[in-house]
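Given as structure tokens, the chain that follows is alone and in the form predicted alone.
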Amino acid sequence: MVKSINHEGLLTEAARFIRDCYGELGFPPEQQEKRIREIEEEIGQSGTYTHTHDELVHGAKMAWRNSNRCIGRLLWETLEVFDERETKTAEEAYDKLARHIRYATNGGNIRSTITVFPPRKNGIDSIRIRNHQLIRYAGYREGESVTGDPASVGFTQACERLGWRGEGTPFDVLPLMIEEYGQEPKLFPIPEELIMEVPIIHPDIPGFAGLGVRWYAVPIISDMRLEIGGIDYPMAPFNGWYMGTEIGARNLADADRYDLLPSVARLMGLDTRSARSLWIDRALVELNVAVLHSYQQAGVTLVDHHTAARQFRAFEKKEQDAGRAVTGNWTWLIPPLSPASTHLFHRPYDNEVLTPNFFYQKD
């Protein structure tokens, strides 16, 4: 949904952000008020205002810190911010996105990165990307079955309508779909050399490699809106790195995704006739063991959910020391595997939505 905000409301949002941002950066109150007066004048003249580079950089970091669903916020200050607000064409945007993928991947030593493109002005997005993530696998529906990722079926069909054809394997990487305002979207296949993938193997289960499973190294979310001080950035792809359960307990395990648990159970020789055998649980654990082992063997950054929970506890302490309350969405913070073994499961979190932040927007 495109948010409507009047001049007074925009100034209120801007002033709140400037005081928070400049206060955290150590600027004196008089400098904060001077900047707010500048913004007030700019809004009066144009109906909007432009962030300085430093405001954009710190605002993007604050947005990560305020992301209630993210367990990996401890390192929010390390986010690398690429300011690409002057981008005008889909071709220019593709070059910047390719740079993002290359920089973030970093040979497997993943770097947390965001690339910020032009803001929304007068309700118009001058440029948008339509992918959910920069790298994601296609899904091909064949009757009642799907080859590849069922979550990508609709987007895959949209790419095919624009002329793209994949190889039809379970792990075809989708092209980037970039749209300039008022024009038909353009497709940009991602060169293979930019895409780092990890073959999923198991240290102890023979035949696991025979499943032919792999996953990509970097999760780069690209369909969310970044909001800073009342200004919307509808195209601001960002990434951290994977927590193992995102792949092993969701992407590869969910029945409506790759649904690998029955295949893993057969490799393990488990009795799948009754849920009382806990074959689902046992297969789930070993699938997650395989993911953690595989990423370690490939030298790709990945965190297990127990370590991630301890890091979040450190984040909570750090925020408390800074005098800031920690907000969080409990249903997202608890890991999908053994949640009760983490401290997250046993305490409530205030799910108040702070800004700057990332928000879902209309597909």
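Residues carry their position along the shown sequence, with the first being 1. Quantities reported herein were computed from a predicted structural model and do not represent experimental measurements.
Omitted here: the form predicted in complex with a small molecule. The next part is about that form.
Look at 194-202, 90-98, 165-173, 236-244: in the predicted complex, residues with non-hydrogen atoms within 4.5 angstroms of the small molecule sit in 236-244.
Screening Gln133, Thr78, Thr147, Thr272 for any heavy atom within 4.5 Å of the small molecule in the predicted complex leaves a single hit, Gln133. Out of the listed residues Trp279, Tyr140, Tyr216, Phe155, Tyr216 is the one that sits within 4.5 Å of the small molecule in the predicted complex by at least one heavy atom.
Shown alone here, Val285 lies farther than 4.5 Å from the small molecule in the predicted complex, counting heavy atoms only. Using a 4.5 Å cutoff between non-hydrogen atoms, Leu187 does not count as a contact of the small molecule in the predicted complex.
Ile221 belongs to the set of residues with a heavy atom inside 4.5 Å of the small molecule in the predicted complex.
The shortest heavy atom separation between Asn251 and the small molecule in the predicted complex is within 4.5 Å.
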